[in-house]
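Presented as structure tokens, the chain that follows is alone, the form predicted alone.
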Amino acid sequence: MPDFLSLADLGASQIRSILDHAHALKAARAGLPKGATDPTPDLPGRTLAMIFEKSSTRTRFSFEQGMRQLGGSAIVATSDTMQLGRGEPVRDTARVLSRYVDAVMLRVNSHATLDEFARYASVPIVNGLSDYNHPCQILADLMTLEERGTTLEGAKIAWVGDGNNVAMSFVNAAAQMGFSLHVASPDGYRLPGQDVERARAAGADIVLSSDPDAAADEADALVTDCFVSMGDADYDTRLKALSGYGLDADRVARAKPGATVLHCLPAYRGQEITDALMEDPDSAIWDEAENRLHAQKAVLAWCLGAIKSG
């Protein structure tokens, strides 16, 4: 059974199958109480272990509720309440948990932890966030864009701000899904060149610049994230460097009419996005947050063989 560590590891048909299943799962829940099991649950009797090295709101609640809706259960732990926090090797924990549960989701400081866990586990490992990427978030974003009527093939997605782990997952999906990705970041906060070149070699159309207005021009979607993430110690330096890279009404006006605005949350209103955009009645941000639930349920179903893809 496959791991879910990076969208770069998946083919277009696999991502398409997960997205299609996410849409179907969401539609099937219309009118149901949020804690009710899905009409046809994908994972009855299955258990997901969830390990957190970083604080979490959306990741924890969406995965735990998702397993409940899929007919399974979840066990939640932070690394400091496990023997991991006292120095037990990752490989030992991976082997033991593989005897107890059907899959493990980790939200970690270092992507190397995920890689090692996956190397020694005998059950699927799901990336709930690492310093390198955040593939679950981008599946929710792509799902939201499709709900808003955007055809991913040929769309222009503009990322404005820090070239961080969330932006990297857009890079990892660009070739497979056929969208054009324009990333505007200041010097010192750009995406790693080797990863961009790898995506371009796979057919991705990626444009890197320091001009946020050029990135926004005629975009189908504009995406940003907080300027200072968990673990960043250079708060003042980051705010100064990124101060011209926020989303506001003027920048959105440069995009196509009806362009979708996305933010993965938490948001720091007045820094990377204005309060007015967050509260706009047409904001897709809250749909995007909800879709973490449906997209991740589809990921779990895919990892555990409940849905098939090419």
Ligand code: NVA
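A residue's number is simply how far along the shown sequence it sits, counting from 1. This structure is a prediction, so every number in the text was calculated from the model and none was measured.
What follows is about the form predicted in complex with the ligand, which we do not show.
Novice: From the list T78, S229, S98, Q176, which entry has a heavy atom within 4.5 Å of the ligand in the predicted bound form?
Specialist: Residue within 4.5 Å of the partner: S229.
Novice: Taking the ligand in the predicted bound form as the reference, which of S169, N164, T144, N127 has a non-hydrogen atom within 4.5 Å?
Specialist: Only one listed residue qualifies here, and that residue is N164.
Novice: Have a look at 264-272, 247-255, 36-44, 65-73 and name the one stretch with heavy atoms inside 4.5 Å of the ligand in the predicted bound form.
Specialist: Of the stretches listed, the one contacting the partner is 264-272.
Novice: Wondering, does K156 line up within 4.5 Å of the ligand in the predicted bound form on heavy atoms?
Specialist: Judged by the heavy-atom cut-off of 4.5 Å, K156 is well away from the ligand in the predicted bound form.
Novice: May I ask you to state whether D220 is within 4.5 Å of the ligand in the predicted bound form, using heavy atom distances?
Specialist: Flag for D220 set to no.
Novice: Residue-level question: is H182 within 4.5 Å of the ligand in the predicted bound form, judged on heavy atoms?
Specialist: Flag for H182 set to no.
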